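In the block that follows, a single chain appears as structure tokens, in the form predicted alone.
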Amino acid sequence: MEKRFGIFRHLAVLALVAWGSVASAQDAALVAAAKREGKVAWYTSLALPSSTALAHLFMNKYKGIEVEVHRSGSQRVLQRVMQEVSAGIKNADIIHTSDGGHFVLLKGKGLLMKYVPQGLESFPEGFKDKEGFYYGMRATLSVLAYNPKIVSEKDAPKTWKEILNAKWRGKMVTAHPGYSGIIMTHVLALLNLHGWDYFKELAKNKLHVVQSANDPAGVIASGERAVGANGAEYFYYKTMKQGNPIKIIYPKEGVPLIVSPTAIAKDAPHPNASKLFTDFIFSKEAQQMLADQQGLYTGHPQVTYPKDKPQLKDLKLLAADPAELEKKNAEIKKKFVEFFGA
């Protein structure tokens, strides 16, 4: 009996070795094909310092494959993709925004390639499309923030409702859902929590309107405004770690969680480089870098986070359904302009 088990163990080892050899051969073939293509065009809403860092990490690992970073706000990324599709231009390889609704739209129009990156089976359900067309590359939160040189910790707003107080009139900054996918998701999450009356009241406080979810961090750090009514937590965190006067508030009634998908364009001109870059994006190495250097959250189960950042499990998270984001996209843009005048 022991001898039979020994044979089975030996066969199992041989099978694993054989499988590893096949996988290695497949990987080598993909790398070789990607190097023949020579580049990948990445349309992304990830902040330029972060997207550039990720691109350089890939290019250092895979010499001879250039990553062309085309960075803009989520809504501008989608707009460019749709304009190029209409004109018959095939330039985009990989599309990444922070508006999950974009990928519902793109998938529905048949504009995405079905591709399952290596290791995705271990990611949470909220980070992957069940049909295999797009996946959550990163996650961030939309939070409150303030400048401690202007506002004391005792007086700082602790909830979304507290910033409706007239004492904050002319002292706050907000990013724009017509530009930022993070803020589009933020608005939907708070809309589901408090309704449109919340934003109607908030607008009475005459907020300074900027574009990107990253922009409020600079406005707060400079002292131009005292309080950020929203904004990307990862960029507030990075700005704070650089020594700037910023404090982050995670409202207890709930914090909008923004999972930012990535996908390969169906007509990607560099399909093999796109697949290789996508596999790389979801590797432990790349996902850990996003957490360590960029202050982002990810769906990778083995990634660890800085000790001075809260764990997602310790927060009340307000998630947004991508299909609902797509459905309410136009309404949110219209109402925001109506209330905030920009």
Partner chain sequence: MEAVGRLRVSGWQGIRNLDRTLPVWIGASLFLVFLMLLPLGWIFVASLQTEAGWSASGYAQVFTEKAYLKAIWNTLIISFWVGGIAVVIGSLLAWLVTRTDLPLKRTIRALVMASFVTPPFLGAFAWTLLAGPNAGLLNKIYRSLTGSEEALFNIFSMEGLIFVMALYSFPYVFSMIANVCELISSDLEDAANILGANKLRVALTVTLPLAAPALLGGFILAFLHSLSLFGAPAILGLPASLHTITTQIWALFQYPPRLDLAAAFSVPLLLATMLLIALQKKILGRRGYSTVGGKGGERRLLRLGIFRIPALLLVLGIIALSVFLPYWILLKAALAKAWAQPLTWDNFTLENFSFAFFQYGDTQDAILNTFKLGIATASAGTVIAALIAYITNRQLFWGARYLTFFALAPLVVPGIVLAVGLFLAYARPPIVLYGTIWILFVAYLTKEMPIGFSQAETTFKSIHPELEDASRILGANRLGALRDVTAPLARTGLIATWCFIFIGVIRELSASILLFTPKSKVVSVVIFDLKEEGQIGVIAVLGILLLLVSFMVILAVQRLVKREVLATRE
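Predicted, not measured: the structure shown is a model, and the values here were computed from it. Residue numbers count along the first chain shown, from 1.
Beyond the structure shown, there is the form predicted together with its partner chain, which is absent from this document and is the topic of what follows.
Interface residue among 159, 118, 192, 244 relative to its partner chain in the model of the complex, by the heavy atom within 4.5 Å criterion: 244. Of the residues given (33, 303, 48, 317), 48 alone sits with a heavy atom within 4.5 Å of its partner chain in the model of the complex. At the 4.5 Å threshold, heavy atoms of residue 229 stay clear of its partner chain in the model of the complex, well away from it. When contacts are judged by a 4.5 Å heavy atom cut-off, residue 128 does not count as touching its partner chain in the model of the complex. Contact check for residue 107: every heavy atom lies farther than 4.5 Å from its partner chain in the model of the complex. Under a 4.5 angstroms non-hydrogen atom cutoff, its partner chain in the model of the complex lacks residue 165 among its neighbouring residues. The candidate site formed by 132, 279 and 283 is entirely out of contact with its partner chain in the model of the complex, as no residue has a non-hydrogen atom within 4.5 angstroms of it. Exactly one of the stretches 133 to 141, 151 to 159, 70 to 78, 118 to 126 approaches its partner chain in the model of the complex with heavy atoms within 4.5 Å, and it is 70 to 78. Scanning 86 to 102 for heavy atoms within 4.5 Å of its partner chain in the model of the complex gives 86, 87, 89, 91 in sequence order.
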